[in-house]
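What follows is one chain in structure tokens, specifically the form predicted alone.
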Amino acid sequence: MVHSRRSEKLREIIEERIATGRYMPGMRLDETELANEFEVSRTPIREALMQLAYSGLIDMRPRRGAVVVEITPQRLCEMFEVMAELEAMCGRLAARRMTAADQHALLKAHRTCEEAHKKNDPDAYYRRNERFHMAIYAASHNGFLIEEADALHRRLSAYRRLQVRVRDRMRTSFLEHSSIVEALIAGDGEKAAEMLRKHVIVQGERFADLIASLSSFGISGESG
């Protein structure tokens, strides 16, 4: 359990360093060097790297180990487009299929997001926001859809965390959550789907904000 929490924390740190450009595409992440930096054994480092490989942020290569994958802004936009449609599908099914237990889990996750929002804690909000979305996936009761949505959500997690830090995004996100919850509880699948699609999609000003936040950490906004 301690190893699990430690590897999860390490994953978050490495994930953010990749998203913010501290670990550039093509860079090799050495287990021993990371273990020395974080003053841990290689086991939690290895677990964290395996999680990142599963998310698609790094590639485990023979004789080279973990290498940071390049994701261009254009590719990022495409991934968010697909994520928006997957979440819309989850919302549509959840509105029809959610049980009393599913509703309880959703409302609980929503309340914890509210607490983080009131404390103006973007990192806590991000983690609780993940649970909010996972509750919607689970309520769809479609195992394959849950697996696909979860996998892409994890691959985009570093960039979703950066989004939360964009000015006023946390407040807007929470307000959007409230409307999504209302639609789901009311059983309005089409409304829930449309609201989730708009909540997740990154285009126009929101995409410009995300690219600007990446650029502020020294990442080029050029695609190719």
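Note that residue numbering begins at 1 and tracks the sequence as displayed. Since the structure is predicted, the reported quantities are computational estimates derived from the model, not experimental observations.
As for the form predicted in complex with the DNA, it is not shown, yet the points below apply to it.
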{"property": "The DNA in the model of the complex: contacting segment from 159-167, 22-30, 172-180, 192-200, heavy atom within 4.5 Å", "result": "22-30"}
{"property": "In the model of the complex, Gly65 touching the DNA (heavy atom, 4.5 Å)", "result": "yes"}
{"property": "Close approach of Ala186 to the DNA in the model of the complex, 4.5 Å, heavy atom", "result": "no"}
{"property": "Proximity of Arg46 to the DNA in the model of the complex, heavy atoms at 4.5 Å", "result": "yes"}
{"property": "Non-hydrogen atom contact Val40 with the DNA in the model of the complex at 4.5 angstroms", "result": "yes"}
